[in-house]
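Here's a solo chain for you in structure tokens, the form predicted on its own.
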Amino acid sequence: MIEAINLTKRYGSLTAVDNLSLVVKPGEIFGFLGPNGAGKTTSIKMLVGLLSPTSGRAVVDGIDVAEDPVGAKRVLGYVPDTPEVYERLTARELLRFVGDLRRLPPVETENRIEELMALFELTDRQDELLGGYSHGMRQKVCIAAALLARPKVLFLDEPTVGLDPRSARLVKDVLRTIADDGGAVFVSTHVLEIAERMCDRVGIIQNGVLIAQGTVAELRSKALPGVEGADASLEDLFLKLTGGEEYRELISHLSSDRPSSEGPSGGARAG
């Protein structure tokens, strides 16, 4: 459903994404992880056709994104990392606009709007201007817009940022339902606990290079082979693979370098 073939993006001497190759199959939720600036958003924008790669190909549901960008966009939904909305439209008006862009029949659009507004608990606010919405409410409207046309493939860039725990759980359940129905979900997130619980497979990108991909069990065997990795969390694996353990050592040294609260004799210091 999703295939990146040697995707590369360069900005002058800077290589933001370097020969990214991966496959996401029907029924999968694929988690895309990496430190800030690793190339996650650039990769997603190339996969959805918002950014032209320097080299390589992006294929969605068998459609080459560069050769048939409109055809590719018909089968995918995209939620960006920042919920940008038209502040002088209401939620209902925005979704109608998206329905027009998608060329959905008006009756289908209206029915779908009612479903999605109820699902995201926005029915009572759907006729208010989006300029008055909180960050979390705007995020839910953007997710609703991406789901409006029932896409086969869904890309989400940090979808749970700004959501309360109830809404975040709802989004996770919706994504699982899409995958279980045969769709493919590609999601980037910094919340490793969410990725570990929700994703079937994950890929870790660092400095534009995909350094690991597979199930959590497969990453355990690669990053922490043997008994030591048996119960390792995705956070442990992420830090091991990206060199984050160095920060733990630095913090440990800082802690050990603190002045003792006791005097030379071992007794408590005088106040």
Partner chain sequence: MEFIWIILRRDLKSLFTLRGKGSLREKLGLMAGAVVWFGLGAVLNYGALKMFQFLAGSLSVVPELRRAVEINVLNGSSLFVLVMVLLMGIQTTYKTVYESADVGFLLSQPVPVWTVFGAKFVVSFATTLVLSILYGLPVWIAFGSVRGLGSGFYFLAAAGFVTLLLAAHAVLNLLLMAAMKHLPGRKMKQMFIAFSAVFGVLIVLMSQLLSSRMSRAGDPVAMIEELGKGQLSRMWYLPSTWMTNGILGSVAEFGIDGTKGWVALLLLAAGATYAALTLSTRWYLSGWSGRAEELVPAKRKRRRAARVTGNRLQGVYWSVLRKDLKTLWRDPVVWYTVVVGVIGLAFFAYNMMGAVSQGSEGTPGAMDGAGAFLPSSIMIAMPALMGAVTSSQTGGVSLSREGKSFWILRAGPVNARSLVLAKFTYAILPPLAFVSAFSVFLEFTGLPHLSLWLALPIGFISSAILASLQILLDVYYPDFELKIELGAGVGGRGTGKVLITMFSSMAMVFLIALVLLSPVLLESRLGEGAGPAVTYVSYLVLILLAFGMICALLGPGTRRLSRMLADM
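Every value quoted in this text rests on a predicted model; they were computed, and no experiment measured them. Residue numbers count along the first chain shown, from 1.
The same protein has a further form, the form predicted together with its partner chain, not shown here; the description that follows concerns it.
- Interface residue among V216, V59, L239, L50 relative to its partner chain in the predicted bound form, by the heavy atom within 4.5 Å criterion: L50.
- The single contact residue among A144, L94, V174, M198, judged by any heavy atom lying within 4.5 Å of its partner chain in the predicted bound form, is L94.
- In the predicted bound form, every residue of the candidate spot (K9, R74 and T109) has a heavy atom lying within 4.5 Å of its partner chain.
- Looking at 200 to 208, 65 to 73, 36 to 44, 22 to 30, the stretch with residues near its partner chain in the predicted bound form, meaning non-hydrogen atoms within 4.5 angstroms, turns out to be 65 to 73.
- The closest non-hydrogen atom of T123 lies within 4.5 Å of its partner chain in the predicted bound form.
- Shown alone here, R150 lies farther than 4.5 Å from its partner chain in the predicted bound form, counting heavy atoms only.
- Proximity of E158 to its partner chain in the predicted bound form: non-hydrogen atoms within 4.5 Å are absent; the residue sits far from the partner.
- In the predicted bound form, none of the heavy atoms of P165 sits within 4.5 Å of a heavy atom of its partner chain.
- Using a 4.5 Å cut-off on any heavy atom, the residues of 86 to 101 that reach its partner chain in the predicted bound form are, in sequence order, Y86, E87, R88, L89, T90, R92, E93, L94, R96, F97, V98, G99, D100, L101.
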